[in-house]
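This document starts with one chain, in the form predicted alone, laid out as structure tokens.
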């Protein structure tokens, strides 16, 4: 029987890159596109299929590029349009795909559209944004950036009116009730797709439309707009993808897949904090619970999963009690907290314990979805909680032990952000070069884990079922696909555990350890007991 060819994104491994933080080719202290090009072979060797780059557009950088002043130009710190074309070509030459952020919801207040909107009442651009003579409309909408914004409305002296913004006041929301705005954004998509990129991670998609008496999130009109963007891509750009950033409950994100006619992929946000809960508590129950709240999605759509990214570790979708517990356990210093989240990297969150880091990744890879690795997490990079906002997890990539971690030849005080120079995470001891030269490094183990996961499509497309649910010290997941079975056993506790599995249908078969490519056990009876060490994980294929 011929195996159905999966769309490329179903079994893809993504790598999130902040261009400014990755590699500086010019010595000005900022990472840039030529610098990223010079590191494509490293990314390819990690086992990556697709690079997701944070916004690279012209911007005043009040929100690290998510405040766009020109959708058609590259920020000069990063390079030129020609540099970007070369990046796409060089990536494709290596079999790597590139997706970029598409910031749909808002622009910078420096964007010419907004400048004309505020200054010219009779201009067509006045209707490109959401204006009001009062600040009491849409009062049921929550404020997202609680630490900095007191309202979703800001008064503009020039216009003599209030404008609507779901994020910073320097990021006015676009008015998607205006068909001209939809057409503008479609032209932006066309511009970059024609350049050859492989799709977009669409930022903040739940907030495109406002309606009185609602929380202004996930509204039907929003879905109609997004379906229109998908139809445009289907008609003109086969094989390109849309990835939804909707920081919502899974049942709400489900709507962004539509009937397979909206987004190809959607982030699964709330599984992420529960992975950290499960490991700290030594209890699989949080994973059991959130996956029970995760609906099926259409064929040829996929969840996108992650442990960390460029934002804070969001705690929006946990209870108040759970949020306080997470803060106490993972962010005891108030500087580690931001909005409703934690601004820390993966390694510090997991005590710089490589076994825990590998366990967390193995847990993520054992669940349905296409995983993302955040740049630097593959070597266990640390964070700098003394930098403002979310910049603490956006420090320069640590390539080697030369000055500035091999990131830049600029003077130290000219770097966009300081490299980490002290403690266990100092670039002198923790860097790519050191990881490559040590066969027992986290980098080598991550590479191997990625390779094993990718060579077994069962992880991308298989059904899943939890086993041994009453033995919650371990998370046990049975993955099944086209007659194949893999059992994932993850010891979440700091003690050795014995797990008893009921496998009557597999009696007399053999368990193969696919991580170490070795025979593990002969299944001799209906019940099989397996011993695991503290924080150990096993991926066991059932073979005849």
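Residue numbers count along the first chain shown, from 1. Everything quoted here is computed from the prediction, not taken from an experiment.
Same protein, other form: the form predicted in complex with a small molecule, not shown, and the subject of what follows.
Heavy atoms within 4.5 Å of the small molecule in the predicted complex belong, among the stretches 412 to 420, 109 to 117, 198 to 206, 296 to 304, to residues of 198 to 206. With the partner removed from view, the residue among 149, 311, 252, 184 that has a non-hydrogen atom within 4.5 Å of the small molecule in the predicted complex turns out to be 311.
Residue 167 is the only one of 164, 365, 167, 425 with a heavy atom lying within 4.5 Å of the small molecule in the predicted complex. Within this chain, residue 126 is remote from the site of the small molecule in the predicted complex, having no heavy atom within 4.5 Å.
Residue contact with the small molecule in the predicted complex: residue 192 places no heavy atom within 4.5 Å of it.
Contact annotation: residue 57 falls outside 4.5 Å of the small molecule in the predicted complex, judged by heavy atom distances.
Although the partner is absent here, residue 378 sits far enough away that none of its heavy atoms falls within 4.5 Å of the small molecule in the predicted complex.
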